[in-house]
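Only one chain is included here, represented as structure tokens and corresponding to the form predicted on its own.
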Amino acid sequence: MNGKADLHLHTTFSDGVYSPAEIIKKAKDTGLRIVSVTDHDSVSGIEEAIASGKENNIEVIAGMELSASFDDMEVHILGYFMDYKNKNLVASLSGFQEERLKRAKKIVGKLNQMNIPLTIDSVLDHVNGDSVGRPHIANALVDEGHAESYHEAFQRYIGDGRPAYEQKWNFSPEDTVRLIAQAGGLSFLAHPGRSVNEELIFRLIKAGLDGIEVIHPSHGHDLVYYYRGIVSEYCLLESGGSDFHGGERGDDEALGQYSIPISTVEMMRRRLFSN
């Protein structure tokens, strides 16, 4: 029961910088014993992570991070312990990825209207996995000299409310929770921060939400205390992690710094067995 876990890591199969195998090696160096690869709308990196985990004596929990829409706001739901080969889950993720590509093409079109000669092919050159997203567009903008930095690309062009922003197609939060449950997994509201109101939390609890990501780099002590109170009051589970991407995100130091104890993971397993 000793040791620590990080249940929020991204790889090259979505918008992370490192491959699943590289992530596992970095996790080992920081003393983590259990991790979960939680790529956006993708489970394709899980098998590589599991194989590398066996070589490095690190347990890898199957995970993913899905986007959902609520009152014109995007919220993220983490799934853990799913059957990542579940046919319904795989089909749904394929649909997510198709919609992501359509969104990327629309963003590129808006950039072209702003006389920025970016192409979708140059964006896809930055995609190693299944899911294309705004981080790949930002990197393409930097590489082709249209922005000086990753952060400037978001602030000037593709961030929320910026000229080339395009809203993402998403499931409802309830449908996302149900999708994870149908694949045998546990669902957690990811990094709610201050933007997620109690109305949504209660809707998700009613839909079968299993827990809340309490530990996250964006949560100070007051938010950790607040969400632990909700977890306790409604008999939910707690999760946490670094939300690690690497590279331009500047979060290489976060790996190993935002973690949960192994005992918290064991509570998740008990919930699975009781279900």
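Note that residue numbering begins at 1 and tracks the sequence as displayed. Just so it is clear, the structure is predicted and the values come from calculations on it, not from any experiment.
Heads up, the form predicted together with a small molecule isn't pictured, but that's what we're talking about next.
The small molecule contact at residue 129 in the predicted bound form, heavy atom, 4.5 Å: The answer is no: residue 129 has no heavy atom within 4.5 Å of the small molecule.
4.5 Å heavy atom contact, residue 102 and the small molecule in the predicted bound form: Contact with the small molecule, no.
Contact label in the predicted bound form: residue 245 to the small molecule, heavy atom within 4.5 Å: Judged by the heavy-atom cut-off of 4.5 Å, residue 245 is in contact with the small molecule in the predicted bound form.
Residue contact check: residue 135 to the small molecule in the predicted bound form, 4.5 Å heavy atom: Residue 135 belongs to the contact set for the small molecule.
Heavy atom of each of 39, 81 and 84 within 4.5 Å of the small molecule in the predicted bound form: Spot residues vs the small molecule: no contact at all.
Options 174 to 182, 200 to 208, 86 to 94, 147 to 155; stretch whose heavy atom lies within 4.5 Å of the small molecule in the predicted bound form: After filtering at 4.5 Å, what remains is 147 to 155.
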